[in-house]
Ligand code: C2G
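In structure tokens, the next block holds one chain alone, the form predicted on its own.
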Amino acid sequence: MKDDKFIKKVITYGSFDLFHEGHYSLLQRAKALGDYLIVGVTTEHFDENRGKLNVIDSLMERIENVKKTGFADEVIIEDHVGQKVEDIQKYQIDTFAIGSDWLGNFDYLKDLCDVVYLDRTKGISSTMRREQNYKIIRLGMVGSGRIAQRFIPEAKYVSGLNVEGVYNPNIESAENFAKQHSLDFATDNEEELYEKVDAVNIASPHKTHYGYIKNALLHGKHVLCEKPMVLEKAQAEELFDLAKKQKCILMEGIKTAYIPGFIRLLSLAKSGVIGEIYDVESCFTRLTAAHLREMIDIENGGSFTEFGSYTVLAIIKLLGTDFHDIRFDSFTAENGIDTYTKAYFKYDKSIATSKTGLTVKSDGHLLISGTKGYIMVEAPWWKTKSFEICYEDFNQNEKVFTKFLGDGLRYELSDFVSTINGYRHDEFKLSKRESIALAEVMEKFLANRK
């Protein structure tokens, strides 16, 4: 070995869960940057704190898989924020290497050493440990708009998932998206998409969802579809029946349903801490530019189809799907789409109100009123980070704080992957019955608007 003062030291970090070709390639290229490679493997606790979900392999298994490559001269454990700076100084590192999906995130280390972002490995198909049943899910994006843009950075926090490529009838849009996110392929051919993936995330305009879901299921692909999944009750029933027949997972992507804070909120509200729930008020408004899809799509645009999935989700999760009356009042634009809508729900022993708006701004809170007290979730309640349980005697009030990571999409992606692999059955978060009820409400609203 060279004299220590002439040895070029490189360091890299990662979870290295479900060790696959991409991990192997990154370590190989990191090693080539110097003479001595140190690999930091994250603990389960640190992974959770930094927002990495769904980690399957134990810390010792992940360390052993790194060692087996033969590239690591030394393996250390990363267990706290700020350790990278400490390690670079402690081990006198010359080069810090990390995958390009973290581009720019570690530029602050440039004052201490060289920082190299290694291009991600495209086309990862499976783990390198074939004895394991848990495989890497190859995901394809359907659509390359605003929602799809948010999914890519969130997907890197979900173990067992790799976004392979994107489909869009507009090939230029697909190619730009694939280039931006270093995806393996872009296509305007649905058949090509289904040949290359195990599952799809549908993030296209509302009216296209039914056709894409059906086609994906017929090709035996699992489906996570952006809300609203479909706009008719019969379509939702048909698609869930088809998914069962095809032995595929079909999930509706309403991120609020899967986030820890909202799940804890529901648990407390239903536990009786505020008594019997008599009223739910949910609101979601956002002032929206006139050129955006929700403002110009005459057939399926408007505030309720855009935000109603969130507001109605809270209502049916708290009061159930057996409402017996629903009424809508709206303000509409010249093109006929609703710019502000109130929906009134009536149950046997409770009532609820949903407010959605594109050109009217209101307080985006969720208020749950009961016989012993109420729960207030401040705006934006659909990203539930905290809420307050309130009583007649305000001295008994309790503020609850919960975790919300990133954009929140990683939670539904994590559940999607786990459900596909048979590790989890989280239908309680958003059941088939509830998705069908949401489609029924959308159908009633669109019929009323016409």
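Numbers follow the displayed sequence, beginning with 1. Bear in mind the structure is a predicted one, so any value in this text is a computation, not a measurement.
Not on display, but discussed next: the form predicted together with this ligand.
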### Message
residue 198 versus this ligand, in the model of the complex: is there a non-hydrogen atom within 4.5 Å?
### Response
no
### Query
Are any of the heavy atoms in residue 385 no more than 4.5 Å from a heavy atom of this ligand in the model of the complex?
no
### Task
Answer for residue 87 alone: is it within 4.5 Å of this ligand in the model of the complex, judged on heavy atom distances?
no
### Query
For residue 121, is any heavy atom within 4.5 Å of this ligand in the model of the complex, or not?
yes
### Query
Looking at this ligand in the model of the complex, do all three of 52, 78 and 101 come within 4.5 Å of it through at least one heavy atom?
yes
## Note on the structure
Answer among 92 to 100, 68 to 76, 202 to 210, 359 to 367 for heavy atoms within 4.5 Å of this ligand in the model of the complex: the stretch 92 to 100
### Task
Consider the chain as shown here, without its partner, and state which of 278, 331, 106, 344 has a heavy atom within 4.5 Å of this ligand in the model of the complex.
106
### Query
Which one of 282, 256, 309, 162 is close to this ligand in the model of the complex, taking close to mean a heavy atom within 4.5 Å?
162
### Message
Given a 4.5 Å distance limit between heavy atoms, list every residue of 10 to 39 close to this ligand in the model of the complex, or none if there are none.
### Response
13, 14, 15, 16, 17, 20, 22, 23, 26, 29
